[in-house]
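Below you will find one chain, with nothing else, as structure tokens; this is the form predicted on its own, and questions on how it binds or moves follow later.
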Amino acid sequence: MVTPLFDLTGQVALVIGAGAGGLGAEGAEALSRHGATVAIADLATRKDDVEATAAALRGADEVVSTHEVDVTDEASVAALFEQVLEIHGRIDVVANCAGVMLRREYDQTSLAEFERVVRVNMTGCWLVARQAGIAMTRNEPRLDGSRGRIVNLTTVYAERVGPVPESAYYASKAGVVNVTRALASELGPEGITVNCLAPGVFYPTKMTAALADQPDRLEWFAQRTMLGRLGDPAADFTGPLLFLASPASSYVTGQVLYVDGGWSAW
């Protein structure tokens, strides 16, 4: 039974970066399971992955629509929101899980590569959140005064760095945190909350699949946590996302929720 605090019945949730094999797909499934009508989007090159996510949801008799988007393209983001609004009539929740990682030493990283990571992770976050804010301000407020909830994905490395050389990734994800805080300040009076989820190392996902041939590093990551294990995409990510997307977090905004097994507390 879904308690009212986590009930998303009648709400429309847009999940970006929802191709199968990623945290976004797990999030879409959780939001759908708790009553939301879900729209999922990803790059055109990930069309098959998006359809796989949609097929799983439709197999569970859930309502879902699929879309293509490039979060670095302003017109593409605007078109996505127009499509979702045309199909579903409103948008109540946006979970932006789109992101890229570049594991490369600083002196081997080109300016173009650095700028691409920042453009996808940070600028893309801002473009999506901006469009979400515009759409949500048109919603009629609910009984608690809320008009919508935006959840951005950062990382445990938002305010620290790790042993892997990826300066572009670290910089971009730190930017996501302050973009979130800034927009939370601007959108708060409109009844829209804006928060961040900061996962630690979740395995396996498409982003962490490359670590399969590095068991020593996986073990290092696991032992770096207080719980002594890596995050399970299905079991450990969906609850925190649901919290920030639901009425349960109606008085929470501008925050970073670390989902990292205690990594950031050490």
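Everything numeric in this text was worked out from a predicted model, so none of it was measured. Residue indices: 1-based, along the sequence shown.
The protein also exists as the form predicted in complex with a small molecule; that form is not presented, and the subsequent description refers to it.
This chain lacks the partner; the member of T72, S146, T109, Q131 within 4.5 angstroms of the small molecule in the predicted complex by a non-hydrogen atom is T72. At least one heavy atom of R116 is located within 4.5 Å of the small molecule in the predicted complex. Within 4.5 Å of some heavy atom of the small molecule in the predicted complex lies at least one heavy atom of T205. Taking non-hydrogen atoms only, Y169 approaches the small molecule to within 4.5 angstroms in the predicted complex. At the 4.5 Å threshold, heavy atoms of V201 reach the small molecule in the predicted complex. With the small molecule left out of view, the stretch that reaches within 4.5 Å of it through heavy atoms in the predicted complex is, among 192-200, 177-185, 83-91, 133-141, 192-200.
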